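Form predicted alone, single chain, as structure tokens, below.
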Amino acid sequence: MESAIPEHLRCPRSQARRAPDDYVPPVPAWVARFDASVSRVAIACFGVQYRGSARAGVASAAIRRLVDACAAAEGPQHHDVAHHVDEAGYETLVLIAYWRDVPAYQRWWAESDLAIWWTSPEREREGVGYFREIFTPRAPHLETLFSSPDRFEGVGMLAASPSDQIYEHGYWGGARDRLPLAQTDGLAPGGVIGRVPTGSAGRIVLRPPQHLAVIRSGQDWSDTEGREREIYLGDVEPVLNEGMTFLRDHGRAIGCFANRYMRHVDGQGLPQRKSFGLSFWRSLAHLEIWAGSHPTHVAIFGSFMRMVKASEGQLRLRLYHEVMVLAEDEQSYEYVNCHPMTGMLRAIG
């Protein structure tokens, strides 16, 4: 086994690890290993929200425009399309795209016709809402975790290879121990979230805070079959859905600004056997408290453990997550004609 933190990002710790030196994880896990030259990645989350079948065509056309743009020369190395229904009952289509470097994303945005299309006043008159949430974490501000080394998701698709099996997982606080920045930084939140003047009532740009934590945590049950799939869909997923719904509707009271529990869709908009939650937290500490002690997450963890026991540890279900703890200059948020409970708008509502 090896440390989750790559050698070129290790440094003497001033922040204590959460696990003792002789800790042995109960099951194997891996992280994505990036080339040392990958110093900062770009993750762009574009969304379209709508109500009613009359606007479904406009929303689908917008997502198709974004997906088609991903094929451009400076397009992302990986992208996903997903769907969910938000807390206000709006159907929402989301494209999440990943680049190995920020300048490539910036060139893609500037050189395509997307910037002109996005900034057009027409976007404010189409009866749908648009949002753009951009994350550009430096390598020390990002960590990943995968239950298997042979099929990655999300930002892991940018990696050069999987790690060997790692030490820092299987206990509360493992994410912090895997995060290179947390070797020397307590990751305390800071700054005031507010609006940046745009000159348009329909467009809201936010001033981001310091050390916001963003987590994408996913499940892939496409390889499961028989009793394992039955247990996942009948026992585990309903508990997971309940926890995700709690964060969506009531998470702000415990430091979760927003949560989207989304299902992957294919090119025809058909649901796939993969899902993920994407949530925004005031700080990593708030996320850790929910994960370690809140009844909704305790129930999720317990349901997964019962599934592991029933399968005698031979799971074909694949799990993963990516966590970012973001500096102010590593995040931007723009909402066009969106309802006030959309994404990070909840943080100022």
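Sequential numbering from 1, following the sequence displayed. Because the structure is a prediction, the values reported are computed rather than measured.
The same protein also exists as the form predicted in complex with a further copy of the same chain; that form is not shown, yet it is the one meant from here on.
Distance criterion of 4.5 Å from any heavy atom to a further copy of the same chain in the predicted complex singles out 298 from the list 58, 36, 298, 27. Contact with a further copy of the same chain in the predicted complex, defined as a heavy atom within 4.5 Å, holds for exactly one of 70, 285, 307, 63, namely 285. Taking the partner from elsewhere, residue 18 is found to have a heavy atom lying within 4.5 Å of a further copy of the same chain in the predicted complex.
In the predicted complex, at least one heavy atom of residue 292 sits within 4.5 Å of a heavy atom of a further copy of the same chain. Although the partner is absent from this view, residue 186 contacts a further copy of the same chain in the predicted complex, with a non-hydrogen atom inside 4.5 angstroms. Proximity of residue 170 to a further copy of the same chain in the predicted complex: non-hydrogen atoms within 4.5 Å are present.
Heavy atoms within 4.5 Å of a further copy of the same chain in the predicted complex map, among the stretches 222 to 230, 171 to 179, 272 to 280, 121 to 129, onto 171 to 179 alone.
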